[in-house]
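What follows is a pair of forms of the same protein chain, given separately as C-alpha cells and numbered structure 1 and structure 2.
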Structure 1
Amino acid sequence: MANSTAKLELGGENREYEVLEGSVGPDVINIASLYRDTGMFTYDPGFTSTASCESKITYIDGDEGTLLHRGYPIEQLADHGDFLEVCYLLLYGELPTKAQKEDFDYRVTRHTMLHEQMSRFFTGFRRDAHPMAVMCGMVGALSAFYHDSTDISDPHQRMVASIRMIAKMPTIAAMAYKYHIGQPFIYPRNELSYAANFLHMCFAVPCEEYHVNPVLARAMDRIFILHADHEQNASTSTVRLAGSSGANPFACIAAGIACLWGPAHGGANEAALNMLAEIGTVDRIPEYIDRAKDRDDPFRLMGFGHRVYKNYDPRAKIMQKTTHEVLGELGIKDDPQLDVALELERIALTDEYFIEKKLYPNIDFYSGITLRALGFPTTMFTVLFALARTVGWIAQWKEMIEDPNQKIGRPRQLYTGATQRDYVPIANR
C-alpha cells in the first residue's frame, strides 16, 4: 500500500510518485508511469535498486543476516522440517497439517518416475557431457512428454506441472550423474524419503544392496532446504522473465537452470572447493590471504561474502553444522582441504580485514566440502543446486502467473550506439 510520496524535480517541473510499503523491508518508489510522464527511464545496471515484482514468498535482510520463507526463519525450517514440508510451504503459503503433508508426500512420490522414452534421450549426449548440459536439455524435453500440464491458464495443470517437476528433478539429476560415470540407471523407490531416494538413485548399483545412511540423508535433505529459494536472484528472475511471455513451466525451469549454470551464481560452491584445492595446505594460507588483500592481485577468496548478505549468511551457520555432522559420520578427519577450510573460516571471523569488509563464510564455502564428502564430483554441485531450487522457481513462477498485474518483461536501455545513418552500397565502402 502507498503511505507517502517521493518528489522528482526535472526540467523545472515537480512530479510525485507514490511510495509503496511492504510488510517488512525497504519501501519502494513506484515509477511505473515515469516514462509516460517524463519520456525518461531509470538506469540501474543489474537491477540492484529495482523491485521487479511483488512477492509473498521469501524475504531477505542482508544487513541482519535474515532469511524467511513465508515468514518462517530458515533456521527453524532446517532444524525442524523436511524438504517436502518446505516445498508445500513455498507453494501453498502455509505449513501443512499432518494430513496435508501425507497427501503432498504421496503425490510427489508417485510422480518420481520419468516417461520410459526419456531414458533414451541420455544416449544422445556425449559420455563426457557436463551434467548441467544434460539436465538443461532433459528438463526442457519434459514439455514434449507431459502435454497435459502445459496450459498455464488452468490452475489444476499448473499444480500438476509443479508436482511433476519437484518429483522428477531428482530422477533426472541422478540419471545425469549415472550417465556421467557410466553406471546403469537406478529407478526411484517409493518407500524412501525424498533425500534418501535421491542418494539411492545416485549411489546404488544393481549388483548389491545399498542402504542409505540416515545421517547422510538428513544432511542431503537440509542442503535441499537451504537452497530451496532465495528471492529474486538471477535464475529466479530468469524464470519469471521467461514465464512472463506465457512459456510453459518446463521451458521456464530449463531457462532457470541455464542461468544457474553460470560460475557467478550456481557454480560458486565448485569454485570454493577448487580454491581450497589450489591453496592445498594450511601453511600456504598466509600467502593466499596476502594475495586476497592485494588489490593488484587478481586472486579472490571464493566462498566469502555475498551479494545480498552483509552479515553472516544464516544458511552458512546451518551448513557449517551439517558439514561437521557428515564428516564425523564418515570418519573423515585427516582431510587437507577441510583443514584449510577450517583455518580460513577462523581467519575470516577474527581478522580485521575480513570483519571490516564483512567477508563472512557463505553457504558455498561449506556446501562444496559437504557434497564432496557425500561422494559427488564437482561437476554435480550445480545440478544439486538446481534440483533444490526447482521448488523456489516453481513457486515464484506460479505466483507470477496468478498476479493480476503481471506483464511481459521488457527492460529498457540507455542507447549509446550510432545515430541514424544511410546505407552505403558495398562498392562505395
Structure 2
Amino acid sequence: MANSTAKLELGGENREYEVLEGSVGPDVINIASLYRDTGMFTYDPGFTSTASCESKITYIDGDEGTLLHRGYPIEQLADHGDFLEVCYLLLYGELPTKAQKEDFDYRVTRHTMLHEQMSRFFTGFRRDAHPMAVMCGMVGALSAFYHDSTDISDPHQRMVASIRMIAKMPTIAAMAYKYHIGQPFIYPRNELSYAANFLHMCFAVPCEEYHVNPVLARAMDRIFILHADHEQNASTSTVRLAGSSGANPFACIAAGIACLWGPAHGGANEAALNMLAEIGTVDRIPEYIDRAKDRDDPFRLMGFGHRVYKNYDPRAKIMQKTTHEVLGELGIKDDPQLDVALELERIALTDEYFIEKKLYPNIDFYSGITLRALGFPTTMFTVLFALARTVGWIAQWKEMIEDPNQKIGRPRQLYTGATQRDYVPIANR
C-alpha cells in the first residue's frame, strides 16, 4: 500500500518514488523504475538496506528481539505447538484445526520413505565425507527421481513437492549420519512422531529395540521449530533466486543447503561448538574475547552477532532453556563447554565492544551443546539446521512462485574493471 513518497533530487531533476507500508516493520521505497528514470543503480553489497520481496510468512524485529511466524511469537509456538503444526502454519498461513493437523501429519508421515534406489547413491560418497556434502548431493538428486512433482506451474505438484521435502529430509539426514558412522540405514516408522522418528532412524540399530526418550524427542521437535524459518536470510534468498529462474523445488532446496553450510550462516553451530572446545576452559576466555575484538584477527565469536538481531536472539533464549532440559534429563551435571559458553556470554554482554556493536548470542551459540548431548557429532549440526529450515525454504519458494509480481532475479553491479581495449597478440605482450 503506497501512502507517501520519497523525493530524489538528481542531476537537477526532482523525482518522487512511492513509499510502500507493510503491516509492521520498516516501510520500503519502491525504486523499481530508478534505472529507467535515471540510468543509475542503487548500491548495497550484502543487501543491508534492501527488501528483495514482499512476504507474509515471518517477521523479525531486530531491536526488540522478536520473531513472528504468520503473526505468532516463536516463544508461543515453541511452548505449545509441534514442528508439523508450525510447518502447516508456514505453508498455509493459519494454524490447523484438529482435522487439518491429523490430515497433514498423515500426508507427511506417508512420504517419509525414500525411493529405494536412492540408497545406492550413498556408496558413491567417502565414509568420511562431511554430511552436508552428502545432503547437497542427495537432495539435488531427488529431482532425478520425483519427476511427478517438478512442474512448478502446477499447484498440486508444488504441494506434493513441499510435503515430500518436509517428509524426506529427516530420512536423508539420518541416512547420511548412518552412512558416516558405518551403520545400516533404519527405515522410518509411521507410528512415531516426526522428531521421534528422526531420532529412531539415527540411533536405532537392527540388533535391538530402541525406545526414544519422549523428553529428548520433545526437545528435538522444539529445536526444529526454532530453526524453521527466518525471513530473507542468505539461504532463503538463495532458494528464492534459484526458484525465480523456474528451477524445480528439489534443486532450489539443494542450493539453499549449500548456502546454509557456510560458517557465517548455518555452519556457525558446528563452528561455535568447535570454538568452545578450542577455548576449553573459562580462564582462556579473555584471550579469545581480545582476538574477537582485534580487527586484524579474522577470528569471530561463532554463535554471536546477527545481521538483523541487535538484541538477544529470542531463539537463543529458548535454546538455552532446552539445553538445560536435555542435560538434566541425561543426568549431565557439569558440561565444561556449557560452563565456557555461559561465562563467555556473561563476559561478552558486559564488554564495551559487544555492547557498542550490539552483538548477542544467536541461535547457533547454544544449539551445539544440546545437539552433542543428544548424541550427534558436530558434523551433523548444520544438517539438522537444514532439515528444520527446509519448511521455511519451501514455504518462501511457494510464496515466490505464487507472487504475480515476481520475476527472475537478476541484480546489476558497479563496474570498476578495465574499459574496452583491443586484443594484443602474444608476440607483442
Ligand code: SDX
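Being a predicted model, the structure only gives us computed values, none of them experimental. When a residue number appears, read it as a position in the sequence of structure 1, where counting begins at 1. For the two forms, the rigid core is made up of the largest set of C-alpha atoms that agree within 1.5 Å on superposition.
Between structures 1 and 2, only structure 1 derives from the form predicted alone.
After superposition on the rigid core, the Cα of Y288 moves by 2 Å or more between structure 1 and structure 2. Core-superposed comparison between structure 1 and structure 2: the Cα of M175 travels less than 2 Å. After superposition on the rigid core, the Cα atom of R300 is displaced by 2 Å or more between structure 1 and structure 2. Taking the core as the fixed frame between structure 1 and structure 2, we note the C-alpha of L344 moving 2.3 angstrom.
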